[in-house]
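So this first bit is one chain, no partners, the form predicted alone, shown in structure tokens.
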């Protein structure tokens, strides 16, 4: 008996079995992440239109600075006047909220509401779907006129905003068009829509986003991005000192 050949055959069988055991739909998450992750810096102006039957409607204007290479971002409120100078700074693995009245930085969470809206702080940072979720199931379908993959996801860590998600991913290019965000007990918390993207280089950013609260009826936040640029941002912008300086 040729033991070398037998061992080689066994190794090949084990390799094939291992490859087959891997979830083939994980590559879709990897493509979505790659299509939404910027190799360069990004700046934009975001307009948030909040509809809240309990607190009333509000429109805000925010200046966004983002650097995916370092997983950092800065969001500075320009309007309304009552929020002028407030900011969210994600730097060195920590997310901080700055209040210009107290001149204090307060540690906050990526899963917290952004400025009281239906957007979450994590919505403005680097896409990390491929690192944070496993695919539980997948099927083909349609969403409007788009052919999509419908994936059910489960978080691989407890640092994500939503432990379970269901996403509708366009087949070409592979971008999220809709997301249903769930709690650990499978309670629907939020439905998100991304009907429009703008392409810069080989990367896409959703320039129109709609977040609909599933717990409070008729509560939602629409975000539109303008003046999107991939010009380099000075390093000092991503610092507490910069946030304090622009508020003097």
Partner chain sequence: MQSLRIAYRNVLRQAKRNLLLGSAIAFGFLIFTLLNGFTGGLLGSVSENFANISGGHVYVSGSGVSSRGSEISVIRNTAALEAALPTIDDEILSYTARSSAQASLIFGAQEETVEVVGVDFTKESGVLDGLSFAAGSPEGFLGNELGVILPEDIVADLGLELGESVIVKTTTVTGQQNVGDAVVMGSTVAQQTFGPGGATGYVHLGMLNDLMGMDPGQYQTLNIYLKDATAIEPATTALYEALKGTSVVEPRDTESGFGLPDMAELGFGGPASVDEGDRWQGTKFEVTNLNDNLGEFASLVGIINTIGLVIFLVILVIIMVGVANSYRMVMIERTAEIGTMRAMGVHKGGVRNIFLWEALFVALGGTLAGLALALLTMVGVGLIDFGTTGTFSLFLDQGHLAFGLPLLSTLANISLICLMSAAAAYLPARAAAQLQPAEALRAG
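Owing to the predicted nature of the structure, the values given are computational and were not obtained by experimental measurement. Positions refer to the first chain, counted from 1.
There is another form of this protein, the form predicted together with its partner chain, and it is not shown here; the text below is about that form.
Tell me, which of 137, 104, 142, 111 has a heavy atom within 4.5 angstroms of its partner chain in the predicted bound form?
Checking each option against its partner chain in the predicted bound form, the one that comes within 4.5 Å is 111.
Taking 4.5 Å between heavy atoms as the contact cutoff, choose which of 69, 34, 215, 198 touches its partner chain in the predicted bound form.
Exactly one listed residue reaches within 4.5 Å, namely 215.
Which single stretch, out of 25-33, 42-50, 184-192, 61-69, brings residue heavy atoms within 4.5 Å of its partner chain in the predicted bound form?
Looking at the other structure, the answer is 184-192.
Is it the case that residue 158, even though its partner is missing from this view, gets within 4.5 Å of its partner chain in the predicted bound form, heavy atoms only?
Because a heavy atom of residue 158 falls inside 4.5 Å of its partner chain in the predicted bound form, the answer is yes.
At the 4.5 Å heavy atom threshold, is residue 83 in contact with its partner chain in the predicted bound form?
Contact check for residue 83: no, nothing within 4.5 Å of its partner chain in the predicted bound form.
Indicate whether its partner chain has at least one heavy atom within 4.5 Å of a heavy atom of residue 120 in the predicted bound form.
Yes, contact at 4.5 Å.
Considering non-hydrogen atoms and a 4.5 Å limit, does its partner chain approach residue 125 in the predicted bound form?
No, residue 125 sits far enough from its partner chain in the predicted bound form that none of its heavy atoms falls within 4.5 Å.
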